[in-house]
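Encoded as structure tokens, the following chain is the form predicted alone, with no partner shown.
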Amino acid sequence: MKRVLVCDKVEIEELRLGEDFSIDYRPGIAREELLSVVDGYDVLVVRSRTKVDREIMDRAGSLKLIARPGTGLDNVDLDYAKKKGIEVVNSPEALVEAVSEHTILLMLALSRNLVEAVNSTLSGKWEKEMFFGTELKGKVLGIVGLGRIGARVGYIARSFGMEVKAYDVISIPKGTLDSLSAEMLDLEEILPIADFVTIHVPLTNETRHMLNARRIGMMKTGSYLVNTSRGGVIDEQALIDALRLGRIAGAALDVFETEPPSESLRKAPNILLTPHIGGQTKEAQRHAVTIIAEKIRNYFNTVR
């Protein structure tokens, strides 16, 4: 009997593993308690709240698999897991549609001053002349990271009549580029020409502060920056400075260097912030757990 400890809230009814598995569902378990009980479990199921570091793994003498429903793995010490022979799996494919739609939503909200217009109207004002926006049609979208989500965002953007330019550190299949009528460019070629820049890369040593002061300074005047990937990819202080100076027209972030975001970021002008909800749809969350259940079963079927 394989023992599974679920440390964070998931759609537990979708975690169908079969009679060979015993599941303990303890969402919100505190770190000290986790350290005291983790020994003896074969599988940890976590989301971004639970940090699986060296101390946790050293206490988990039977741990064979760490499973993360969703995309990000920056809460898991991947190098140490590899050293310990612990497999790590996630389910980024489950969140593609949800995150892509949220990215487009943020672009539209920025371009039409949606939040300000809603708040103004709800307060009893009628400020029609104040809220001139801009259309997506005919604009250049710079996609940084043309993986599953980046490509899906590009596909939706093309239906709005946008022109797609993309950057990635890996080779992108010609079929993907052809389907988007996309041109691959270096990042620093995209920034000066893109009306919208959207980020879809993992957080690594190489991507941390990829959008730093110098690169944000290269962005087209009047452009917008959107990030639904990982907060540390953008230097938030550099973004705040650019917004205060009016260097770019606005930014929309769903992810932050620290969550919740800092007061200085919340008070920056022309910024739209959402609480890391890009993947928060009923469909995506169910699908993420279903995929993780399949990967857990497959792992143990393979190692038998």
Ligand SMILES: NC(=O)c1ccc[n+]([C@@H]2O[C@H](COP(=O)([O-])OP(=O)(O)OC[C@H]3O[C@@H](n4cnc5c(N)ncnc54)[C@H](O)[C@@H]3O)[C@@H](O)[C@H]2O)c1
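Residues carry their position along the shown sequence, with the first being 1. Predicted, not measured: the structure shown is a model, and the values here were computed from it. For clarity, a rigid core is taken as the largest C-alpha set superposing within 1.5 Å between two forms.
This next part talks about the form predicted together with the named molecule, which is not shown.
The named molecule is not drawn, but in the predicted complex it has no heavy atom within 4.5 Å of Lys51. The named molecule in the predicted complex comes within 4.5 Å of a heavy atom belonging to Tyr167. Under a 4.5 angstroms non-hydrogen atom cutoff, the named molecule in the predicted complex lacks Arg247 among its neighbouring residues. Proximity of Gly147 to the named molecule in the predicted complex: non-hydrogen atoms within 4.5 Å are present.
When you look in the predicted complex, the only residue of Val99, Ile234, Leu225, Leu141 with a non-hydrogen atom within 4.5 Å of the named molecule is Val99.
With the partner removed from view, the residue among Asp79, Glu206, Asp186, Glu127 that has a non-hydrogen atom within 4.5 Å of the named molecule in the predicted complex turns out to be Glu206. The stretch among 252-260, 26-34, 42-50, 55-63 whose residues place heavy atoms within 4.5 Å of the named molecule in the predicted complex is 252-260. Contact annotation for 182-197: no residue has a non-hydrogen atom within 4.5 angstroms of the named molecule in the predicted complex. With the core held fixed, the Cα of Asp74 is displaced between this form and the one not shown by 2 Å or more.
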